[in-house]
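Here's a solo chain for you in structure tokens, the form predicted on its own.
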Amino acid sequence: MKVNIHLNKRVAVIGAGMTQFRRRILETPQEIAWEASSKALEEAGLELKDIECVVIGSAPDAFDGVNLKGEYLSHGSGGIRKPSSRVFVGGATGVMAAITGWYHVASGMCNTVLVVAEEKMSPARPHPQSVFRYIWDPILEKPLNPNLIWIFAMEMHRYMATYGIKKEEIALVSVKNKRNAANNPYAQLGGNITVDDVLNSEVLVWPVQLLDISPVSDGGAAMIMASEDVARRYSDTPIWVDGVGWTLDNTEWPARDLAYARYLEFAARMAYKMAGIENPYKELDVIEPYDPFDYKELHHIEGLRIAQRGEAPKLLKEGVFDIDGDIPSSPSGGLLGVGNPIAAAGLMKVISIYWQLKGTAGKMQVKKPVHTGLAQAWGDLMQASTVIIMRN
């Protein structure tokens, strides 16, 4: 990792914890946050008094039905009487929370940071999609009364049309990720399905069908980040953060290239440069790209420059991204299988890579030695992307 005079402290992850991802969890958002936090502290061998700073990640306030959600969640996140902050970049929040935790330690501000991400989507009525009606440009877009599935359907259609990709090829992502999620004790929708199951599921907005999309979920995730001296004191297997990257593309989605995740390429280049990675296909051992829809995993694998434009479906069909493939992708089961409590889902991706590199992923552990992993998330008005690279 290249360091500079301002960010010169090495940062490690030394503990992580999660709640189960489910719909209509009865616990309050604060209770969800604390369950994940206490598990992360236990794995790290720390107590709350050992934590110097807290970073909270959560998506729009409306999901949980409370305003000023960072302040609200600070009770359950151990943030009282500590420097606490909240970050929010839509679906990219979970990885951005981890990046912010890294920043706190790398800058020398804190030696220990508790990073907590929570989301409770079930209370949104009549459906979480209704919350998104307020994200559109009030002059250019709101009069059309769009919803996010419309936009994703246009992007998926553009991706398929530009590169001649068939729905059967994209459906293989759902088949793979739900199969992987069957090995994940926190997963909401793991199981064995077929391509025909995806193709015969309910059409939402063509070409998006029910099994192309991740479920509505509640859940929490947390991890402990520490400076090198603290990490070596408490862990024999610290996992180092060696690269981070984030970008925002144009907020005007009609002006963007919907066939290619340019926003992600820029974030990935930033993280690769920092981690000293020149050929991601050869140098990454395991990845967790953001997959709220099945086509987005392929879209993001290409944006990460692991596959050429339009070639990710071919590599998927050849088994490259299977759990025993050359570059296992979403061994956790991803959002399609584990669930999608938005901010917590992104941090779940980071935790999945942490557990893979530590060798404690249990039945999710990939079938080859792994030393370098990448987690990525995406969100806001589809233009924000966040990337983190870790090594053991």
Partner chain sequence: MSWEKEGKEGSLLKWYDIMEAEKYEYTVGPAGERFFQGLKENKIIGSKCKKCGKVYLPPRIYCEDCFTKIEEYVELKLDDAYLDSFTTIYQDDDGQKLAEPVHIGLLRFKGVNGGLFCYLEGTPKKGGRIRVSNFNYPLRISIE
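As the structure is a computational prediction, the values presented were derived from the model and not from experiment. Positions refer to the first chain, counted from 1.
Not on display, but discussed next: the form predicted in complex with its partner chain.
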query: 4.5 Å heavy atom contact, Gln356 and its partner chain in the predicted complex; finding: no
query: Contact test in the predicted complex: Asp324 vs its partner chain, heavy atoms, 4.5 Å; finding: no
query: Contact test in the predicted complex: Met364 vs its partner chain, heavy atoms, 4.5 Å; finding: no
query: Residue contact check: Ile149 to its partner chain in the predicted complex, 4.5 Å heavy atom; finding: no
query: Stretch in contact, per heavy atom within 4.5 angstroms of its partner chain in the predicted complex, of 337-345, 324-332, 356-364, 60-68; finding: 60-68
query: Listed residue (Lys317, Lys166, Arg233, Arg125) with a non-hydrogen atom within 4.5 angstroms of its partner chain in the predicted complex; finding: Arg125
query: Heavy atom within 4.5 Å of its partner chain in the predicted complex - qualifying residues of 250-274; finding: none
